[in-house]
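Here we start with a single chain on its own, the form predicted alone, put down as structure tokens.
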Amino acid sequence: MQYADAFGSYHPIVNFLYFCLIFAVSMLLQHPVFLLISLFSAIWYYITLKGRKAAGLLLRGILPLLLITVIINPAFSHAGQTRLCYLPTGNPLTLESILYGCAAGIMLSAILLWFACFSEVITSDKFVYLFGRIIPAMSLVLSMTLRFVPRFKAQFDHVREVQAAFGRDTSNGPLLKRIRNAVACFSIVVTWSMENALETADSMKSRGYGTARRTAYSIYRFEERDKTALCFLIFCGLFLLCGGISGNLYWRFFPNIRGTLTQPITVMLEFVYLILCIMPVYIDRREAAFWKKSLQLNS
């Protein structure tokens, strides 16, 4: 079975717990160091997974989103004690609102990138394995949805290429014509998706889905490396949880900026979180180095 990377070949429980920890810390903490670690680690891992294709999402999606968030937040939020100037509307522009906008943009960008990595590593098979026996109907719907999105995009690209061969290109020509051609392509793909849904329903019915208790076949085995990785994730999660409860990850933006930054325990927590975030990249690099060394020894 092919995996997105070496970390993706680990047991689904390890993969899922890792992303749960990353999502929890990225969404719950406003500490600037943790946000920057999360963002740059997500960029690094996404580039490791997608290669040169990652530049498209980073430049066309993440960077504009980050800039828009940074610009919009100070325009609507005027809280904070450090006033820099006054806007034409008469509202103050504060340093705290600007920094909070930067933090919000970094948080949102990091979560989107981590979710993109999640969709590459947690496949529909892994999702069904994790939740098939707990919530079988929901896991089936979610796995089919996750599988449908890339198929829909691939079919749309195929239809667009065929339509372009007939002179109905969606990238060249007058704007109105391109919109009309794009709507026609979308209509074709929607029709295809409906037909595919009917075929899937007929196939499931003919195979007896829902007539008896559902069984499951698993190709995943919990190995020694999975035990080591799981113990490491549990340690990191408990360590960060204790650090958050003790107040060593405290940070606020309003009414003034205050928080822990350079205390020894805070620096230790930041280091642990950094190791946690780069864990998949480290596993990939270690696996690549191992195979390179093996090829050199065998040649």
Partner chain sequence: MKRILCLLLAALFCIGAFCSCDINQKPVTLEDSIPIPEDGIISASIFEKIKSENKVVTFYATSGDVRYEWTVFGSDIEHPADKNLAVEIFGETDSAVSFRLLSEEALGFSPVLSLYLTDVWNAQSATVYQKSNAGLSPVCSASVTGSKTSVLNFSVTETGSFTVLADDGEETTAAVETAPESTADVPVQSDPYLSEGTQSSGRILSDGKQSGQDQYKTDPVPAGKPLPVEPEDQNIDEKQTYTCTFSIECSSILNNLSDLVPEKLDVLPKNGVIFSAETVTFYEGESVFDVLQRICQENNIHMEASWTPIYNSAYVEGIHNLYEFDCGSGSGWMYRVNGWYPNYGCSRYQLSQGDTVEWRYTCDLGADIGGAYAINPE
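Since the structure is predicted, the reported quantities are computational estimates derived from the model, not experimental observations. Numbering follows the first chain given and starts at 1.
Heads up, the form predicted in complex with the partner chain isn't pictured, but that's what we're talking about next.
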Problem - Contact residue in the predicted bound form, from Arg225, Arg151, His158, Arg83 (heavy atom within 4.5 Å of the partner chain) - result: Arg83
Exercise for the section: Just give me the single entry in Leu233, Val70, Ile47, Val272 that has a non-hydrogen atom within 4.5 angstroms of the partner chain in the predicted bound form. Expected result: Ile47
Handout entry: Options 71-79, 179-187, 198-206, 225-233; stretch whose heavy atom lies within 4.5 Å of the partner chain in the predicted bound form
Key = 71-79
Practice task
May I ask you to check whether Pro64 falls inside a 4.5 Å heavy atom distance of the partner chain in the predicted bound form?
Solution key: no
Exercise for the section: May I ask you to check whether Met268 falls inside a 4.5 Å heavy atom distance of the partner chain in the predicted bound form? Expected result: no
Exercise for the section: Evaluate Gly247 for contact with the partner chain in the predicted bound form, applying a 4.5 angstroms cut-off between non-hydrogen atoms, and reply yes or no. Expected result: no
Exercise for the section: Decide whether Leu36 counts as a contact residue for the partner chain in the predicted bound form under a heavy atom distance cut-off of 4.5 Å. Expected result: yes
Problem - Contact test, all of Leu95, Trp251 and Pro255, partner the partner chain in the predicted bound form, heavy atom 4.5 Å - result: yes
